[in-house]
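Only one chain is included here, represented as structure tokens and corresponding to the form predicted alone.
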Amino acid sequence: MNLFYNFGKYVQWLAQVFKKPENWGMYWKETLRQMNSIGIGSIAIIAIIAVFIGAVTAVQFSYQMGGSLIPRYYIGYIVRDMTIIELAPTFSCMALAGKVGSNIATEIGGMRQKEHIDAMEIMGINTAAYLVQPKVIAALIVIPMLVCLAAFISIIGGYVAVVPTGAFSNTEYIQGLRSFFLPYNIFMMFVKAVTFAFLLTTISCYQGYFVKGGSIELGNASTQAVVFSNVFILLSDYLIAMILTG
């Protein structure tokens, strides 16, 4: 029952979040600030994760292909499609749920505890829209960019893992990258990235916005933001895969 209560409250709260801004200039400046915080601030961790995603995928499939009749150039094809369709959007957004989501929940939760949100509401500000809407818009813009960057870096990571070591030749890997390419897979990647971005930001903001109590409750809200974001990212990943590949 608590789950249904929170889901209904979440949906009603979203209606407040996406109301028309009172001051476009303030919202625009806050959106740019959030784009810098979420995007530029996350490039390093996304790049590190992406490199090892590609490298591990390439090494594992290289091991699985040993002694089989599968053409050797398939390694590039496998790394490319696995990265684009699944690994880049899912792993990147789960990492961002831990980094960005916890920060958002802590930031908004701290404002709630210090009564900053109450003070803004007394002044007639729609706090749900002002505090959340710029974060969601910024995430919907920059997180797909980060996912695209992660896919590119991951493919390079796979190359670095198997070509310089002599496991595969440069020609074989490049041939695999150029084989059986479907632009539809890029569309799937961006659909996942946009969906995951919306989920991780709104869930994290919801947890921080309605936090009650002291520092222990704020810590719990930050943890729940990461946990619920990851759970719903995985659930939506399955649903999107079923819908777009069915």
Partner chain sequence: MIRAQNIIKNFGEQQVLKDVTCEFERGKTNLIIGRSGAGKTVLLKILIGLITPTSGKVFYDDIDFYDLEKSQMRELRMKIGMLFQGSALFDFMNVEENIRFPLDMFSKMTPKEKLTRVDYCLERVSLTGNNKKFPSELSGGMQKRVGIARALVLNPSYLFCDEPNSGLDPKTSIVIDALIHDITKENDIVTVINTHDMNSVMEIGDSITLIHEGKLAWIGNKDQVLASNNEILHSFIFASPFLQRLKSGLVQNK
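Residue numbers count along the first chain shown, from 1. Remember, it's a predicted structure, so these values are computed and weren't measured experimentally.
Unshown form predicted in complex with its partner chain; subsequent notes refer to it.
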Whether N2, E217 and V227 all lie within 4.5 angstroms of its partner chain in the predicted bound form by heavy atom: no
Residue among L140, I174, A119, I156 with a heavy atom within 4.5 Å of its partner chain in the predicted bound form: A119
The unique member of F210, F190, Y27, F198 whose heavy atoms fall within 4.5 Å of its partner chain in the predicted bound form: Y27
Candidate stretches 162 to 170, 147 to 155, 108 to 116, 88 to 96, one within 4.5 Å of its partner chain in the predicted bound form by heavy atom: 108 to 116
N103 within 4.5 Å of its partner chain in the predicted bound form, heavy atoms: no
Y73 within 4.5 Å of its partner chain in the predicted bound form, heavy atoms: no
Distance check, Y77 to its partner chain in the predicted bound form, heavy atom within 4.5 Å: no
Close approach of R33 to its partner chain in the predicted bound form, 4.5 Å, heavy atom: yes
Contact set, 159 to 184 vs its partner chain in the predicted bound form - heavy atom within 4.5 angstroms: none
